[in-house]
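Provided below as structure tokens are two forms of one protein chain, presented individually as structure 1 and structure 2.
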Structure 1
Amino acid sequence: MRGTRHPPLDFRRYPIHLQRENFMLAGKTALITGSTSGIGLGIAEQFARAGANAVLNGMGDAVEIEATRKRLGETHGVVVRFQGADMSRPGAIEAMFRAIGDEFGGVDILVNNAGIQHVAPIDAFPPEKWDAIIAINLTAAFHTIRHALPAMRQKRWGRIIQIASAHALVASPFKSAYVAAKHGIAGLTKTVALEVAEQGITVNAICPSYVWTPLVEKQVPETAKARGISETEVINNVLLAAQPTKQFVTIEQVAALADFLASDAAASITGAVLPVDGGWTAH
């Protein structure tokens, strides 16, 4: 509701199982882009569990999104909203921040997670795919950060967390746009961290390798069929080939690191580009 301000969470009015939760983010508002499924939804759940109001963003079935929004709010006793802004459109991003400002007084925690992918050799890479990947994976983060900072500066507290990729640190063939965008995210993270270092705001990037999400799970049989190999071979010889642990990163592991970076315990961590990749970038 426009014009409504939500006071800090009073956890005493919630059931005893909620009172036992860690409410270290009570009274904060987190915007997580690309959070209707996968990593983004896992982070939203983690923040809600810690007492933060959450603003979801992304695409998907409207009924399922509403069910998720309602479940998160009722389970954790926080306010959860959905903003379906198209992250490739600067005007839509600006309108989303206006709505969040009207209701919550601004964003305290910004998680830039929205992203898309396309795989092709550079000389066969469709220019429109390049433009879309750069727009959503990199340029959108520029716009969300510039809209989030005024409220953070006013409060002298803020957390900006970029969900980058191991591809912010190393390259893979046939992913020119994605790798370029993620390397750009690493540079953006370091630059903004330096600009706001004295204002109580931290800016960090989490760089996961392959995370077991519904999207990756769907890709396994498709890749097996395309390459004429078994699903086990896809997992071991394609997806996990570069990861010494030979294990997928989990959504929960990424969300736990985001939760830590949002905490006061991480106040001295800024400008960091942190791999969560089973040793991939240690090669």
Structure 2
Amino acid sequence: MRGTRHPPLDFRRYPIHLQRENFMLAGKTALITGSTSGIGLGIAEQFARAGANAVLNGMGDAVEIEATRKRLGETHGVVVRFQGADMSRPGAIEAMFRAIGDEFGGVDILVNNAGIQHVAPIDAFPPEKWDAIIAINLTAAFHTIRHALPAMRQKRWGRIIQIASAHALVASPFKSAYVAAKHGIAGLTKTVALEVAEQGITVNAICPSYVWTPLVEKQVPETAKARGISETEVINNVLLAAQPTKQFVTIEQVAALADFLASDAAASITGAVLPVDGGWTAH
């Protein structure tokens, strides 16, 4: 493996519950794309809590990102880095993997989470928004997977977790690019799972319905405009109407499933497209 690994931390300095051997994911390195906010940040925190070194990625305010990076590392006694690769740029993704390979010897747990949304009728859908959604929500996963696999194969252990969506399984009007990208992620998940099934690597997709994050908050006014209704009606009659539980899914619930999929107990779960949707896709 290229380069030198990060020197091990002296965990004897930490209280017993923070000592490395007590953690399920100790010694693993996780890259979570789009982890400066929302679901990705929740998963990064969960993995750090479980003892994995974490590489954060995403957009945002540099000072806030650095504060988050520092807080996660200090709270959980793991190495936390930030790589700001724009997931719509294949060259930036490749450079990020080179840097992670140099420091950690590769990614053990890859979470393809970065995503954007745009809500508009198909004939008014801006082509540049279509291209950006396909690039960030779908094509980026192709690139991260192809860069992550060589090190995983070498270790004969790897976990690839896609944060897809209930929209990988069903559609909603006015979300053509998002639904196309997420259905694509489901197909990519199954295909790669079959290709690596004998190599100790699992590939699964988590499909949440609505989780209250900046991504959902932003689409409330867009949906109100596309449907000609108020923002309150969007929340009650569009978002929660689809979910029999009438509750938003929580970030912690999604992170807990990601944590389980990363564990050795989940070694036989692969190629699965798993709803966490309060019953939405049972309709």
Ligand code: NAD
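Heads up, when I say rigid core I mean the largest set of C-alphas that superpose within 1.5 Å between the two forms. FYI, numbering is relative to structure 1, first residue = 1. Remember, it's a predicted structure, so these values are computed and weren't measured experimentally.
J.: Only one is the form predicted together with this ligand; which?
T.: Here the form predicted together with this ligand corresponds to structure 2.
J.: Lys70: after superposing the rigid core, is there a C-alpha shift of 2 Å or more between structures 1 and 2?
T.: Comparing forms between structures 1 and 2, the Lys70 CA shifts below 2 Å.
J.: Taking the rigid core as the reference frame, tell me whether Met59 has a CA displacement of 2 angstroms or more between structures 1 and 2.
T.: For Met59, whose C-alpha is compared between structures 1 and 2 after core superposition, the shift is less than 2 Å.
J.: Taking the rigid core as fixed, quantify in angstrom how much the C-alpha of Lys225 shifts between structures 1 and 2.
T.: Here Lys225 registers a C-alpha shift of 9.1 Å.
J.: If I align on the rigid core, how far apart are the two C-alpha positions of Pro214 between structures 1 and 2? Answer in Å.
T.: On core superposition, this C-alpha lies 3.9 Å from its counterpart.
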